[in-house]
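Shown here is one chain on its own, the form predicted alone, set out as structure tokens.
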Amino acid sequence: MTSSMTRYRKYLFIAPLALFLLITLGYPLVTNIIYSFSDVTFRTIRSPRLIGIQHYKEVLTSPAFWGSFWFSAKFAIVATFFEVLLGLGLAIALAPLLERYKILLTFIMLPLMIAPVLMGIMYRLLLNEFVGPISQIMQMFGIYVSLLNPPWIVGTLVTIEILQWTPFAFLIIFSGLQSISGDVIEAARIDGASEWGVFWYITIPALLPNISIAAFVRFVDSFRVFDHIYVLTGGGPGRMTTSLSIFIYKSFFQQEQIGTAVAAAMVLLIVFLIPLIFSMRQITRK
């Protein structure tokens, strides 16, 4: 009896978490799977009619879907690259200063405290070509361009993403930098290693796990970008800045193509599920 209770005790401990995940993730997932195989509108949302894989065929052959997919992919790759690069540079450059004045960390983290929607509204005002202060300053130097119009709009959106989320990459990398033993670096210097040698052969290898985590999290988050792009451009002009999240939102709420929107969301889930499972297996092996 005692051994039986011990055997089942571990299941009792994880039961609340399993129940929570079942309610918050399991039910919506099953509902979305059903809708992705159904002909459904807001009027028939409680009685969907199964039609097979038609929505998946429509999504995978849709130029609009693939245009949104590749825009999101390129946006995420460029934003992630510069966020991690700047985060690494800031972490190394500011480490001596932050060791003495830790309060500065609060100011560096400020962009993370701002909601992406509010960030979009702020830049909509700052970059307004008639009253925006940034546009006014550019015009003082004879530069008459609107950063919210082609061909500048994509670069503007990526820059806003980088400005807001570089502090996240910085925080992850800076925490790894703090864990590197000073004795190891001191021993390398005594053995004659140059500053570049210490950086390249000790600091970078020690930071690789932190850099990988920061890059993975930021890539996934940037790929799902929605808020500030929707506020600034609504996905336009045309479909020039339509991310995959905006494509799904418009299909669902504006075009009432619920099955198509859910099928696109399921494709997005599968795309990220594969690298997530692979990453978790690598982490648990260690």
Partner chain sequence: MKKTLRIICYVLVVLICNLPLLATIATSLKTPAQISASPPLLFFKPTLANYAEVLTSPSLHFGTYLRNSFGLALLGTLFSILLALPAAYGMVRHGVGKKFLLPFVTNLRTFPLIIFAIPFYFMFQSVGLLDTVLGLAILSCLINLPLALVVLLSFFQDLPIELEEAAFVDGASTFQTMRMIILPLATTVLASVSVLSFIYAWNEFLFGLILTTKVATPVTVGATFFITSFGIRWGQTAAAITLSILPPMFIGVLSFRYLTKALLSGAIKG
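C-alpha atoms forming the largest set that superposes within 1.5 Å between two forms make up the rigid core. Quick caveat, the model's predicted, so the values are computed rather than measured. Positions refer to the first chain, counted from 1.
Keep in mind that the form predicted together with the partner chain is not shown, yet the notes after this line are about it.
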Non-hydrogen atom within 4.5 angstroms of the partner chain in the predicted complex for each of Leu60, Phe199 and Met240: no
Is there a heavy atom of Tyr101 no more than 4.5 Å from a heavy atom of the partner chain in the predicted complex? yes
With a cut-off of 4.5 Å between heavy atoms, is Leu88 one of the residues that contacts the partner chain in the predicted complex? no
Is Phe216 near the partner chain? Define near as a heavy atom within 4.5 Å, in the predicted complex. yes
Heavy atoms within 4.5 Å of the partner chain in the predicted complex: does Val220 have any? yes
Per-stretch contact check against the partner chain in the predicted complex, the hit in 103-111, 149-157, 180-188, 76-84 (non-hydrogen atom, 4.5 angstroms): 103-111
Just to confirm, with a 4.5 Å cut-off on non-hydrogen atoms, which of Ile211, Ala193, Ala206, Met119 contacts the partner chain in the predicted complex? Met119
Can you name the residues of 245-260 that have a non-hydrogen atom within 4.5 angstroms of the partner chain in the predicted complex? Ser245, Ile248, Tyr249, Phe252, Phe253, Ile258
Does Leu17 show a Cα shift reaching 2 Å between this form and the one not shown after rigid-core superposition? yes
